[in-house]
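Presented as structure tokens, the chain that follows is alone, the form predicted on its own.
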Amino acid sequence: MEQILLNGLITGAQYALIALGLTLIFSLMSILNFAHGQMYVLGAFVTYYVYGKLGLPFIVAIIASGLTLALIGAIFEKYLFNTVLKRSVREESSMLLAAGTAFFLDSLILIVFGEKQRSVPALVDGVFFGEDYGIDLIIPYNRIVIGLIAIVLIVSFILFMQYSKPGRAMRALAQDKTASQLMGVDLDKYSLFGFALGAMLAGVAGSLLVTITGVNSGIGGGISIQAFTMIMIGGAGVISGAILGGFILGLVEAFGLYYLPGDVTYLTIFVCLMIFLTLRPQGLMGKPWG
């Protein structure tokens, strides 16, 4: 039981990091970024080349992944999404654009990186044996380190959103755009910043998980589905809901994969999700009025 619980919490911390970027973009611009999984894959490939091929320190790889995806996110927001949002009053337009960017990135990643599975060396070698300390646990040190880094990043993000000027401005815009603009908050500026920050979080999450699962060009769609599942559980556009949804999905996966076959686990998760959403469509932390 302790083993499953720890696996679920470590996976959940990494999932929460993925969901935070997606929910930040949705809360600011009401855009469901279908390309979030592809941004995650790009971040993982940047780390693969910087850390795995060039041999530079992992911290350099994380920064490179984050900055690369922040730049891509800023370009997408400025030249695509912001333009569409200003020219079209229909929400479907931004959704179709988001789907288009996902297909574009999927094709681009496949052309540039090919289909081959890539992996990088573990940050830390060795395995923790809990039996030496009277605990029924066996887990690689690498997974523990990655889980701790993910938790530190999540806490840093929360503190940034809570106490920094850009964080407070984005929270205000997410709550009431009209009132925030009347108070002097620049919608264009912080939408651009928020989209770049959300994309950066996807890239950083990919940078962390590539050390455990590796990466290939075909996993972007699956990652996007997981990210949407998390924010639907927690409540779309709610930061605390994204974190909660990430940990819940991580724990459910860990227990499901232990007690059930893999395919049955995910089938069960989606059935439970559909039932849950019919009872509480706003998710655990969302408000029924939006």
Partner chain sequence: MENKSFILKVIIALIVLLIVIPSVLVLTQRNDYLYGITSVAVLSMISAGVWLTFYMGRINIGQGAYALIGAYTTAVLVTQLGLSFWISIFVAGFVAAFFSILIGIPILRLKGVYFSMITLTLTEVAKLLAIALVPITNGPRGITNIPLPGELSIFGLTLIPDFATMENSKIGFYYLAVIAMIITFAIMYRLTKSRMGILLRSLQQNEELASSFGVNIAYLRVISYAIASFFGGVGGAIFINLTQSVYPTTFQVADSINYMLYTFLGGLAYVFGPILGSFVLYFSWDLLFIFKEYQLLIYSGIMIILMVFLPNGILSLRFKK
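Numbering follows the first chain given and starts at 1. Worth saying up front: this structure is predicted, and the values here are computed from it rather than measured.
Quick note: we don't show the form predicted in complex with the partner chain, though the next part is all about it.
- Proximity of 90, 101 and 277 to the partner chain in the model of the complex is complete: all three residues have a non-hydrogen atom within 4.5 angstroms.
- The partner is absent here, but in the model of the complex a heavy atom of 228, alone among 58, 228, 247, 48, sits within 4.5 Å of the partner chain.
- Only one of 181, 107, 213, 117 lies close to the partner chain in the model of the complex, with a heavy atom inside 4.5 Å, and it is 107.
- The shortest heavy atom separation between residue 111 and the partner chain in the model of the complex is within 4.5 Å.
- Contact check for residue 83: a non-hydrogen atom falls within 4.5 Å of the partner chain in the model of the complex.
- By the criterion of a heavy atom within 4.5 Å, residue 9 is excluded from the residues contacting the partner chain in the model of the complex.
- At the 4.5 Å threshold, heavy atoms of residue 35 stay clear of the partner chain in the model of the complex, well away from it.
- Listed stretches are 235 to 243, 252 to 260, 62 to 70, 48 to 56; the contact stretch with the partner chain in the model of the complex is 235 to 243, by a heavy atom cutoff of 4.5 Å.
- If you take 136 to 156 and check each residue for a heavy atom within 4.5 Å of the partner chain in the model of the complex, you get nothing at all.
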